[in-house]
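Starting off, we have a lone chain in the form predicted alone, written out as structure tokens.
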Amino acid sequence: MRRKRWVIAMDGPAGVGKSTVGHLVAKELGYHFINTGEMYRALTWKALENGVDLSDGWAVTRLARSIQWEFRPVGEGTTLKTFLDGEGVTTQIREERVSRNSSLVAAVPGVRKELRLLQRELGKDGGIVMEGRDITTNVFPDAEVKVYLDASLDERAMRRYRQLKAAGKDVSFEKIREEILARDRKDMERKINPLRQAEDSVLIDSTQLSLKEVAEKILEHVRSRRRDGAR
């Protein structure tokens, strides 16, 4: 009998390494991985391209409903990337204008409702690792495995600083720290589906751990749940 494929839901603040960890876990399990933040970025980019007023929640929600959303595996076939109306948007969603405005779009109740439907559709048959801000609390509150990944503010800022410096960017650690702190406040104080740790999720503090070590902790939790006969 084929083993049931699970939903592994993972939440946590910005800069904590969820995408890297999620990819590692999905690869080990033979699951798909998706970063739901890319959905909000993709919608933000589409709205900017179409001249939609981002402060008009109804207009942005209507756009989300009108788009043909597709999620296709790339590379090794583990990570699902977002396609809008047949167009891949992996590069476009990294534009600075998108980064500045994606939090505004993500705070629209109608948008969160529409994207939650897409996210649940992606995970309806299991076999997926999904990360975001409200996956354990709102999208898949009954996921077989729920993880809240955290790290200190300074550690998250330093990771981002090193990443940008390695890419040849002239950046300030203090500015990055301030930006992450501001993002935390937006995520945690958002009126609809704010970032918080689900009561039944496993908390992993990655401040003193490598991302590979974090992934192994999650995999060990999955194995433990399997041994315990979790359904």
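Remember, it's a predicted structure, so these values are computed and weren't measured experimentally. The first residue of the sequence shown is number 1, and the count goes up from there.
This next part talks about the form predicted in complex with a small molecule, which is not shown.
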Quick check on residue 132: any heavy atom within 4.5 Å of the small molecule in the predicted complex?
yes
Would residue 36 count as touching the small molecule in the predicted complex under a 4.5 Å heavy atom rule?
yes
Looking in the predicted complex, any heavy atom of residue 94 within 4.5 Å of the small molecule?
yes
In the predicted complex, does residue 102 come within 4.5 Å of the small molecule, counting heavy atoms only?
yes
Heavy atom of each of 23, 217 and 223 within 4.5 Å of the small molecule in the predicted complex
no
Would you mind picking out the stretch of 52-60, 197-205, 37-45, 166-174 that comes within 4.5 angstroms of the small molecule in the predicted complex, counting non-hydrogen atoms?
37-45
Just to confirm, with a 4.5 Å cut-off on non-hydrogen atoms, which of 106, 145, 157, 128 contacts the small molecule in the predicted complex?
106
